[in-house]
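Let's start with one chain on its own, the form predicted alone, as structure tokens.
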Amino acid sequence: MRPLTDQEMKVVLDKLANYMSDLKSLIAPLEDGDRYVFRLNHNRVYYVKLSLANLATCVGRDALLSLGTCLGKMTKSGKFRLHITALPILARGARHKIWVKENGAQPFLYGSNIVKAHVGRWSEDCPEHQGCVVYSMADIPLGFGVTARSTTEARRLDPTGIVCFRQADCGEYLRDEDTLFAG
């Protein structure tokens, strides 16, 4: 487990900035004097307390499977792909949100995109191709995606038009359980 390089940190923070409004809260010192850091192990980026990361240095890299919250994976081409395990962190600081109705939650959790007929409400002034967190009407985060249209364009869309492209949903815990945490 090692700290991220400057280039890797830039790629990760750029991806998180698509979804979150306040990135400073991710790395700000905590009340107890500790802080959260990003660490890389087996091409996976983890968000972990510094004190816990320091304790994990005595464990070999091959023996360490996971530590903290897995945000995503660095691809071989140097890009960063967010995993569903990052949802609690993204939901905490989400800039744009979409709430889906009861009849739209199940298709989303099965891996479908969100159509206008399934949208209960959404954040105002959401631009096109911007990251958003998807919630149920009971304010439970279900996943995240990228908007297909801006809010004003989506209001004029027909009911079967796609409003949000799915990036990850909670159903991945079941569908991808074999590969989600494997190397």
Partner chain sequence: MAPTRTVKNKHAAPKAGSKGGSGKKRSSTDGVSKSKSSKGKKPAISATEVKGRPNLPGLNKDKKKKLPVYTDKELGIPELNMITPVGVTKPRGKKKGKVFVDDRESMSTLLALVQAEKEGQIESKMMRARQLEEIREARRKEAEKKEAERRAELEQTKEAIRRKRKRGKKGTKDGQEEDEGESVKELAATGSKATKSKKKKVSFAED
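What you are looking at is a predicted structure, and each value in this text was computed from that prediction instead of being measured. Residue numbers count along the first chain shown, from 1.
Not pictured, yet referred to below: the form predicted in complex with the partner chain.
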item: Partner-proximal stretch of 114-122, 133-141, 27-35, 66-74 relative to the partner chain in the predicted complex, 4.5 angstroms, heavy atom; value: 27-35
item: L174 within 4.5 Å of the partner chain in the predicted complex, heavy atoms; value: no
item: Proximity of R39 to the partner chain in the predicted complex, heavy atoms at 4.5 Å; value: yes
item: Exercise: C170 in contact with the partner chain in the predicted complex, heavy atom 4.5 Å; value: no
item: 4.5 Å heavy atom contact, H83 to the partner chain in the predicted complex; value: no
item: Any residue of 4-20 that, in the predicted complex, places a heavy atom within 4.5 Å of the partner chain; value: L4, T5, D6, M9, K10, L13, D14, A17, N18
